[in-house]
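The chain below stands alone and is given in structure tokens; this is the form predicted on its own.
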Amino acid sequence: MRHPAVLAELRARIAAIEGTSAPRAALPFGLRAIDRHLPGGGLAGGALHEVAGSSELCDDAAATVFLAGILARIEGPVFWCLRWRDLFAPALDLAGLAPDRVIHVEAGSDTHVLLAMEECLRHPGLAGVVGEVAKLSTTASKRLQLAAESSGVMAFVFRRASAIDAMAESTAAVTRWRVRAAPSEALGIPSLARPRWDVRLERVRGGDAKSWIVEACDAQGRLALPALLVDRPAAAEERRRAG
């Protein structure tokens, strides 16, 4: 006697274990230059992503706000798991991630951060789960990827103080990003222009590495291209063809 429901569940579980589950809706950045480079047109939902800054504090700060901007554009609470209490909530708020949406999990060590992440990822309906760690083993990344696929929640491993020349480790993450502070536009007056970041997609499953200079998140978590790049002739030609 056949049991279609049981067979379907088994197929789904096997697909999850093999990493061949049906892809969930992607979250676009809203910048065609980036979105067209990502399979699915954005960040894959129900998947693990890695983000790093560098050993420089300004780069880690940029990467933190980059993450906040992504999560600000997804509905639901955010679990942010970290080793010690050094997350600056007002900076997240400026990127659109309100403090009352963020639940801090102070875990004390990388091991406990990863355990907390895996437990949080069992619960659907979250905007995302972030874990700040120094190192991530291949086995741990596979566990997080499976948990994210099962619940449909987006997971982010934030590798704090990651050296630029650090040897890349094998990972089950769908994408790996490195975000660094870049010089802002020179205004010619005593004032500060919108911050800029050097955003590098170091690894993407099914795609190629690439980098962009972008303007930092606004109050809704949205990135922008610098006006100089938007207005250059090649970009204008690209818009004409797209239109």
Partner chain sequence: MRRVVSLYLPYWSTDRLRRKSGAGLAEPGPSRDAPLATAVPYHGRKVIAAADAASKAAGIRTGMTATKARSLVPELVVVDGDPAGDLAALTRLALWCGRYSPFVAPDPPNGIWIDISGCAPLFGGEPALLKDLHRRIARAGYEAQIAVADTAGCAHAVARQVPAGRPVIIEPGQSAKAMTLLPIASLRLEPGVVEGLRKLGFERVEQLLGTPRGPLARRFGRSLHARLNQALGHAPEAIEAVFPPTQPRARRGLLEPISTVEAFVQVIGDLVADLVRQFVAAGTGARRLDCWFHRVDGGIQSIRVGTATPTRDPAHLAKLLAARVDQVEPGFGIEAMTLIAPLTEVLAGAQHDLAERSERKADLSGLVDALANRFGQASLYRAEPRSGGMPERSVGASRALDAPHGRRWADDLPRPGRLLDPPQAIQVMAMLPDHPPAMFVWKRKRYRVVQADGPERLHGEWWREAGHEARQPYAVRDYFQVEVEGGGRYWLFRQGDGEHSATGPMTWFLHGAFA
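Source: prediction; values computed, not measured. Numbering follows the first chain given and starts at 1.
Form predicted together with the partner chain: not shown, discussed below.
Exercise for the section: Please state whether all three residues P90, I103 and P183 have a non-hydrogen atom within 4.5 angstroms of the partner chain in the predicted complex. Expected result: Verified in the predicted complex; spot residues all in contact, yes.
Exercise for the section: Using a 4.5 Å heavy atom cut-off, state whether E119 contacts the partner chain in the predicted complex. Expected result: Although the partner chain is absent here, E119 would touch it in the predicted complex, with heavy atoms inside 4.5 Å.
Problem - Proximity of G40 to the partner chain in the predicted complex, heavy atoms at 4.5 Å - result: G40: no contact with the partner chain in the predicted complex.
Exercise for the section: Indicate whether L192 is a 4.5 Å heavy atom neighbour of the partner chain in the predicted complex. Expected result: Yes, L192 is a contact residue.
Problem - Non-hydrogen atom contact I164 with the partner chain in the predicted complex at 4.5 angstroms - result: Residue-level check for I164: no, no contact with the partner chain.
Exercise for the section: Considering the partner chain in the predicted complex, find the one stretch among 135 to 143, 169 to 177, 81 to 89, 149 to 157 with heavy atoms no farther than 4.5 Å from it. Expected result: Heavy-atom contact with the partner occurs in 81 to 89.
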